[in-house]
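Here's a solo chain for you in structure tokens, the form predicted on its own.
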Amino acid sequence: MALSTGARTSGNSASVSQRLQKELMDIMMKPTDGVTAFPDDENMTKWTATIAGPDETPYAGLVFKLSMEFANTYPYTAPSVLFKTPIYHPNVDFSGRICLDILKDKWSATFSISSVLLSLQSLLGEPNNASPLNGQAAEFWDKNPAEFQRQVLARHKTPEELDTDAM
């Protein structure tokens, strides 16, 4: 069964679908440790991804679920990416919105789903505290690592808990 793009059929949405199918094949053929991404059901423009917290960071051993949506202008515009797992991080607000330059003004059509997820995984261990969305998290990251860790663990939910909450 073919996956639809969820958009009007046009040359542009067909090229978006082709690009996303190629990226899906790349992800399946060359998996990256700690990163997964797959389209939701039959809509190729909406994906669910996971990233594992990097070792030796406050997020080690935790898994984070994200949603990714691709406009009919992808890859020329960045996907919309949100953390679905509650996360305490200087560059993520409490709605899951992410402040990361490659998802904004530094986006390039050469980026892929995998490169975005790897950048987000890297951001977990190396936040940009000069441009925080969560000022308290930035302050605790710099000045009170124990309290930062406590906040991370207090906010985190497992993917199974998220699935239960959605029912």
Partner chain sequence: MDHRSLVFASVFPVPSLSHTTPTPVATPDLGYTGPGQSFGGPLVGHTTTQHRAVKRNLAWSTATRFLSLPKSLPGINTSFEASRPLKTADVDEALHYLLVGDGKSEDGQEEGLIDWYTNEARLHFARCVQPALQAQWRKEIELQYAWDVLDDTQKVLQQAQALYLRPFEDYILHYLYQSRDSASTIRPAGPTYDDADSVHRRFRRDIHAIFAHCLPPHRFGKTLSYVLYDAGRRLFRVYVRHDSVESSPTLENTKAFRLRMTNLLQGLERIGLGGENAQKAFAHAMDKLMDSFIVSHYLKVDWYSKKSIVPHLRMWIKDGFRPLIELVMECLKCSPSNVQPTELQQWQEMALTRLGRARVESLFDFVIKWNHSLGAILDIKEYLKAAGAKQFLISTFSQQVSRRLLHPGATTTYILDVYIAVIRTFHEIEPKGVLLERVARPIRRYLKEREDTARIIISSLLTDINDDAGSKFTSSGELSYLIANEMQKPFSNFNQEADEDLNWGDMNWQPLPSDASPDYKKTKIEDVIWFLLTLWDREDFINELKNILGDHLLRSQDPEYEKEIRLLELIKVRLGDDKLQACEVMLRDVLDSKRINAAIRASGTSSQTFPQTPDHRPPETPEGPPRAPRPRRPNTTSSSLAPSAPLLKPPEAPTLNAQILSSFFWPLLRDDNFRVPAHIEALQKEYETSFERIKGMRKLRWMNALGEGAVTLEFEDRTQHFEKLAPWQVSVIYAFQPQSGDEWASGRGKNKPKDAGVTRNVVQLEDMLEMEEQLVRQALAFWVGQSVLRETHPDTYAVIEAAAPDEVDSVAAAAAQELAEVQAAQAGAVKSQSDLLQEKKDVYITFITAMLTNQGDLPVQRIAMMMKVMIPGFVFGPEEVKELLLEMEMGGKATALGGDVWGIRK
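This one's a predicted model, so the numbers in the text were calculated from it and none came from an experiment. Positions refer to the first chain, counted from 1.
One more form of this protein exists, namely the form predicted in complex with the partner chain; it is left out here, but the text below deals with it.
- This chain lacks the partner; the member of 44, 100, 62, 138 within 4.5 angstroms of the partner chain in the model of the complex by a non-hydrogen atom is 44.
- Heavy atoms within 4.5 Å of the partner chain in the model of the complex belong, among the stretches 32 to 40, 119 to 127, 54 to 62, 100 to 108, to residues of 32 to 40.
- At a distance threshold of 4.5 angstroms between non-hydrogen atoms, residue 149 is out of contact with the partner chain in the model of the complex.
- With a 4.5 Å cutoff on heavy atoms, residue 50 counts as touching the partner chain in the model of the complex.
- Although the partner is absent here, residue 21 lies within 4.5 Å of the partner chain in the model of the complex, judged by heavy atoms.
- At the 4.5 Å threshold, heavy atoms of residue 25 reach the partner chain in the model of the complex.
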